[in-house]
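First comes one chain, alone, set out as structure tokens in the form predicted alone.
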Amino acid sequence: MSNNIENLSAWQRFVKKMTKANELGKEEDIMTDHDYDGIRELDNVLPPWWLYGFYITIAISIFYYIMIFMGNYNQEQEYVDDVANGKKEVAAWMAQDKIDHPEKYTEAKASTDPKDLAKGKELFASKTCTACHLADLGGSIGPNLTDNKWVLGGGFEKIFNTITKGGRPGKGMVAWEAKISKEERQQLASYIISMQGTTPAKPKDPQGEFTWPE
């Protein structure tokens, strides 16, 4: 970089101003008396860009200190306010969700209505339950659903939960929660319960540690 600043481009002048870099070949002008095993030290100044950044961080730290410790800002109160606002938003969402999806907030109940049982039987066939449990629920890959032994527990609540959340990991029983409605899952569980004590053509041996009904 030339010493004649008039011969420099605007960019070169800017770089020179921001770095105050000394040109190669001019080291003797800024050489100090410090000598470390034959290595001489140059008296370079800190680049202005670094100093400006340092001054900015000082200014920001002063501003931060004033705002946090001397101003009206209170971090703890901000947290409390955010939590309160979050709870309001959740409550508003739940209120709207109860309007849009009321079935999610009603207790699942078994049904003995013939229409519900007929729908449950239709779902049992159409949702491929028969692939693992057979059409008469006697069991194949999956367990027999007509005896009183259950892998994940019997009774309407537990059968409904198994249909909703799925069976044991890696056993092929998928969760139907996102695929069929709550009413349909209730109908399906009700139909399974209605088949208790029936006699399948080729019933599979009982499986599971839970007994229901006793």
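In this text, all values refer to a predicted model and were calculated from it rather than measured experimentally. Counting begins at 1, following the sequence as shown.
Keep in mind that the form predicted together with heme C is missing from the display, and what follows is about it.
* Asked: Counting only non-hydrogen atoms and a 4.5 angstroms cut-off, does I141 reach heme C in the model of the complex?
  -> Judged by the heavy-atom cut-off of 4.5 Å, I141 is in contact with heme C in the model of the complex.
* Asked: With the cut-off set at 4.5 Å between non-hydrogen atoms, does K149 touch heme C in the model of the complex?
  -> Yes.
* To do: Although heme C is absent from this view, report whether G172 comes within 4.5 Å of it in the model of the complex, heavy atoms only.
  => Contact with heme C, yes.
* Quick one: is T162 in contact with heme C in the model of the complex, heavy atoms, 4.5 Å cut-off? -> Because a heavy atom of T162 falls inside 4.5 Å of heme C in the model of the complex, the answer is yes.
* Which among 39-47, 26-34, 172-180, 55-63 is in contact with heme C in the model of the complex, heavy atoms within 4.5 angstroms? -> Careful reading of the contacts points to 172-180.
* To do: Would you mind checking 120-155 for residues with a heavy atom within 4.5 Å of heme C in the model of the complex?
  => If the 4.5 Å heavy-atom criterion is applied to heme C in the model of the complex, 120-155 yields F124, K127, T128, C129, C132, H133, I141, G142, P143, L145, K149, W150, V151, L152, G153.
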